[in-house]
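Presented below, as C-alpha cells, is a lone chain in the form predicted on its own.
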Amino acid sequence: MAVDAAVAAKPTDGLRTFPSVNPATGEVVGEHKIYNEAVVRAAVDSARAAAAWWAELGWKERRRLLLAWKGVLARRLGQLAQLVHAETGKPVDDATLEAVLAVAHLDWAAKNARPVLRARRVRSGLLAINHTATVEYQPLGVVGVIGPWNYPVFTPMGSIAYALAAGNAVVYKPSEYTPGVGAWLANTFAEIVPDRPVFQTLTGFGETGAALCRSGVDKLAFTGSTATAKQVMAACAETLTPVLCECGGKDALIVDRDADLDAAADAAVWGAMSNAGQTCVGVERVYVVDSVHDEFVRRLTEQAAKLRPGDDREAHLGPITMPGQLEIIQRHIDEALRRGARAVVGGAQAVRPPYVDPTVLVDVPDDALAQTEETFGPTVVVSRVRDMDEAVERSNASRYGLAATVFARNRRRGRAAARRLRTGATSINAVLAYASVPALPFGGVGGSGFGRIHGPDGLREFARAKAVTRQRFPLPLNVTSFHRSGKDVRQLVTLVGILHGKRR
C-alpha cells in the first residue's frame, strides 16, 4: 500500500522527490518521494501491528488472499510489463516473461506455505521416549526487502511472496531506478488487503535502504552487488538483524565434447545477452572442450552477430539501465583486448551509450577483468579447455558462486560436472532453468552471498523454527533432578552403552 496511508501520523508532505527515468529515452516515467529515517521507522512500526493480524489469519485465509493478489497480477501482466519496460528499458516481451515467473512463484508460495511450515511431529528417541516432540515454524514478524533494478518484479518477489506466505509483513525498498514497479506491486496488494499495511513500499536512495537496515525489522533480504551487501550487513549488525544476501555472479557455461552445439550456442547467447547482460545469473564465461571449441565459437558468433539493441519492438536488447555500468563494461573489453584477446563479435566500439552491442571475446587471459569481475553487460568470454575436469576447475576458480550451466549428452559426465561446480544452482542442457522451478532453492556461495529464496528453503528463511516437547508420563529413571542417585546415573551409562557402544 502507499506508505503515506500507513504512516498517516507522520506527515510525509515536504519530502524531497526524485524522477524515475526511461534509460533509453531519458523520458521521466514518474516522480517518487525520498522517504527518510522517521518515515521508515513509522512504516516498520505500523507493519509490526499488521504482521500480528496477518499471522493470526492462518494458512487458509492467507493463501486465499495471496492467490487473489496473484489473479490481479496475472490479469494486468501487460500493464506491469509496460512499466518494467519504461523503467528499465528491457524489451516488453522480456518484461512479460519476468512477470510470468513472478506469478508462478507467488502461486507456489501461497499453496505450499502450510505443507512446508506447519507443525510436525519428530521422533523423540529412546532417551526421551516418554516425550512427544514437535517442530513448528513461526513467522518472524516484519521482513525488510531491498530489491534490484535488473529484474524488479521477479527477484524481489522471491522474498516478498515467500515472506508473506510464511505469515510476515513486508516493508520493501526498491531500487531508485525502478521505484514505480515497487510502488505498483504494493498498490495492487493493497487492493486485496486494503485496511492493513501488510506490504508497504518505501522509495528512495541508499539512505532509505540504510534506514530500513537499522529499523529493527526481524530479517533483511537484500539483492545487489557484493560490495553493497557488505554495507547492508554492517548496518544490520548494529541491531543483530539477520540478513539474506543474493549478490553478483560470474557464471560459467561448460560445453562437453558430445554437447548439442546448436543448443549450447543458443543457450550461451541468451544467457549472456538477454536483458542486455544485466543478469546476476547471466553467462559471462564459457569453457569449451578443445575438440569442439572452434565449431562452437563459429555457431555462437553467428547467433550473437544477429542481435540488435534498441528501444523498438523488434530490438533484441534494451539499454544499460544504470549509466555507471557503461564505464565498467568498456574497461573490461578494453583491458582484455589490450592483453591479447580477440573480439569475434563486437569489441572496443561496442559501447554506444545507452546501448552496448553484443560482444564475444576469445583468448582472454584468466586473470583479466573480463574473466574475474562481474561485467553486467552483453559480453561473454569463451575459453578452450582440455576436458571437463579442467572446465570445472577453471569455473570454480572464482570468488563468485551463484549458478552455472553444463551442456553434455553423456548423462554421467554432465551430472558429475554439475555436482562438482561450486554454485548454488546448476542447469544441464538448458540455461537458467532452475529459475522457472518454484520448488527449487535459489542463492549463492562465496562472493555471491548466502541464504536461499524460493522453494521450501525460501519459505523457511522467513520463519523461525521452534521446538516443543511434552512429557506424556514420568520415567522411573530421572537424571534431570537433584533427587537423582548415583544408581540412576549408572543405569543411564549402562543404557547408553547398550544403545551406542556396540562395535561395528
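Since the structure is predicted, the reported quantities are computational estimates derived from the model, not experimental observations. In case it trips you up, residue 1 is the first one in the sequence shown, and so on.
What follows is about the form predicted together with a small molecule, which we do not show.
Chemist: Please determine whether S395 contacts the small molecule in the model of the complex, using a 4.5 Å cut-off between heavy atoms.
Modeler: Contact check for S395: no, nothing within 4.5 Å of the small molecule in the model of the complex.
Chemist: I'd like to know whether P365 contacts the small molecule in the model of the complex, with contact meaning heavy atoms within 4.5 angstroms.
Modeler: Outside the cut-off, so no.
Chemist: Do G158 and the small molecule come within 4.5 Å of each other in the model of the complex, heavy atoms counted?
Modeler: It does not: once the small molecule is placed as it appears in the model of the complex, G158 has no heavy atom within 4.5 Å of it.
Chemist: Does the 4.5 Å heavy atom contact test between G216 and the small molecule in the model of the complex come out positive?
Modeler: No, G216 sits far enough from the small molecule in the model of the complex that none of its heavy atoms falls within 4.5 Å.
Chemist: Is the small molecule in the model of the complex near all of A210, T223 and C247, within 4.5 Å of a heavy atom of each?
Modeler: All of them do, each having a heavy atom within 4.5 Å of the partner.
Chemist: From the candidate stretches 426 to 434, 247 to 255, 186 to 194, 132 to 140, select the single one in contact with the small molecule in the model of the complex, where contact means a heavy atom within 4.5 Å.
Modeler: Selected range: 247 to 255.
Chemist: Taking the small molecule in the model of the complex as the reference, which of T228, N112, T241, Q330 has a non-hydrogen atom within 4.5 Å?
Modeler: Checking each option against the small molecule in the model of the complex, the one that comes within 4.5 Å is T228.
Chemist: Could you work out which of M322, L97, A418, L369 is the residue within 4.5 angstroms of the small molecule in the model of the complex, going by heavy atoms?
Modeler: Exactly one listed residue reaches within 4.5 Å, namely M322.
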